[in-house]
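The data below hold one chain only, encoded as structure tokens and taken in the form predicted on its own.
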Amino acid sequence: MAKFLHPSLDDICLTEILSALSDPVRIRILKTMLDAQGCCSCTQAAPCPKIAKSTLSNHFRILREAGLIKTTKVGVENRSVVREQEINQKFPGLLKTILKFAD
């Protein structure tokens, strides 16, 4: 079984967050997850149903490694949630500001 690695709050850095959110698909994934206000599977948060699962998994990996989401295994499904409270603790208002100006 795959174990997901998540950076601690101390290891999350602004450059990694900005790099992860430089891709419009990842911004749309993050917006979808925030709107859902709970755990989402990769397919539930997909901004477009035509995205290949491998590509979608890569986007989620980048978001996870940047510290933006936390992923857990539930049965056969990977469920992710935005680490909004933790990000706001370290960088107050960052996500809200970025998403406000994103297309």
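Here the structure is a predicted model, which is why all the values come from computation and not from measurement. Note that residue numbering begins at 1 and tracks the sequence as displayed.
The form predicted together with a further copy of the same chain exists for this protein as well; it is not shown, and the discussion that follows is about that form.
Participant: Suppose contact means a heavy atom within 4.5 Å; in the predicted bound form, does that hold for all of I29, T32 and V81 with a further copy of the same chain?
Facilitator: The answer is no; none of I29, T32 and V81 reaches a further copy of the same chain.
Participant: Is S22 one of the residues lying within 4.5 Å of a further copy of the same chain in the predicted bound form, judged by heavy atom distances?
Facilitator: Yes, S22 lies within 4.5 Å of a further copy of the same chain in the predicted bound form.
Participant: May I ask you to check whether L9 falls inside a 4.5 Å heavy atom distance of a further copy of the same chain in the predicted bound form?
Facilitator: Flag for L9 set to no.
Participant: Would you check, heavy atoms only and a 4.5 Å threshold, whether Q85 touches a further copy of the same chain in the predicted bound form?
Facilitator: The answer is no: Q85 has no heavy atom within 4.5 Å of a further copy of the same chain.
Participant: Need the contact residues for 64-101: heavy atom within 4.5 Å of a further copy of the same chain in the predicted bound form, sequence order, or none if there are none.
Facilitator: Residues within 4.5 Å: K90, F91, P92, G93, L94, T97, I98, K100, F101.
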